[in-house]
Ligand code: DGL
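Here we start with a single chain on its own, the form predicted on its own, put down as structure tokens.
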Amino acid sequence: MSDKKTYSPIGVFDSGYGGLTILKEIVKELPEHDFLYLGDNARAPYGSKSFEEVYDLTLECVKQLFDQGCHLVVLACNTASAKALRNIQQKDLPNIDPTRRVLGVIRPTTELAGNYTKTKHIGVLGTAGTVLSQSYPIEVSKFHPEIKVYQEACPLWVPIVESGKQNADDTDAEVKKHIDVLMSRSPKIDTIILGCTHYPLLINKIKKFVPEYVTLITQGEIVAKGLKDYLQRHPEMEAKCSKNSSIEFLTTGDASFFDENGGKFFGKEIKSKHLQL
């Protein structure tokens, strides 16, 4: 790590492990940058919590990342992006520090959605909180008003992944159930957005029950390329981000448990520290 005075990592936040699938792709795009990941595992999952609660928890974690030196924070969590991002950007940042930035994962995903669908019918699989927020239909309509969006909430998928049961045989029925419901909403759906950063770990199960002609969109690569583009368009922010190729991990839960499970999401061994909130 560099001198604390100049250490300004890009903060990456998630309610648990899912954001590690985003961070993995961001590191590939921006290998020279410093990163600080914070997983709020002690209070996860966020998907079933109220808007108010998700906003309060997310803001507290964003402030923690700011305190650790981050000038730029990515909410690598669809629920936090759906329920907290707009308020933080509009209400809180002007008072905390108008030069800092918080970005989400929904906008870059919806911006590119039109590149994938030919039928203009898109499905979204997400947490109850993300689906209830209507963030995906709202954002898609801004960029692609001609596209119809159909959503399905999958409340058990995050707990399945967090407990390491994504490859278990008895997970099949749960995955198939929600895909069948989503596809029944429109036979024209040819693209499905995995609107939760945990869902890439279920990709093999999802592919098993999705028709072959359906394109699955995972967010990691899209968000990573979007962040790289953002920094190119905002050189003043790029200049503030320190570059020592370091990655640090914080969790509000048990650090050893986080390391054991988080490595599956990140694709390599990780070593975290506990953060008390």
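So that there is no doubt, residue numbering starts at 1 and follows the sequence shown. Just so you know, these numbers come straight off a predicted model, no measurement behind them.
Beyond what is shown, the protein has a form predicted in complex with D-glutamic acid (DGL); the following relates to that form.
Proximity to D-glutamic acid (DGL) in the model of the complex, defined as a heavy atom within 4.5 Å, singles out one entry of Val158, Ala84, Val74, Val124, which is Val158. Picking from 75-83, 113-121, 141-149, 90-98 the stretch near D-glutamic acid (DGL) in the model of the complex, with a 4.5 Å limit on heavy atoms, gives 75-83. Contact between Gly39 and D-glutamic acid (DGL) in the model of the complex is not found at the 4.5 Å heavy atom cutoff. D-glutamic acid (DGL) is not drawn, but in the model of the complex it has no heavy atom within 4.5 Å of Ile193. Heavy atoms of Gly220 never reach within 4.5 Å of D-glutamic acid (DGL) in the model of the complex, leaving it off the interface.
D-glutamic acid (DGL) is not shown here, but in the model of the complex it comes within 4.5 Å of a heavy atom of Tyr46. Taking D-glutamic acid (DGL) as positioned in the model of the complex, the only residue of 130-152 that brings a heavy atom within 4.5 Å of it is Thr130.
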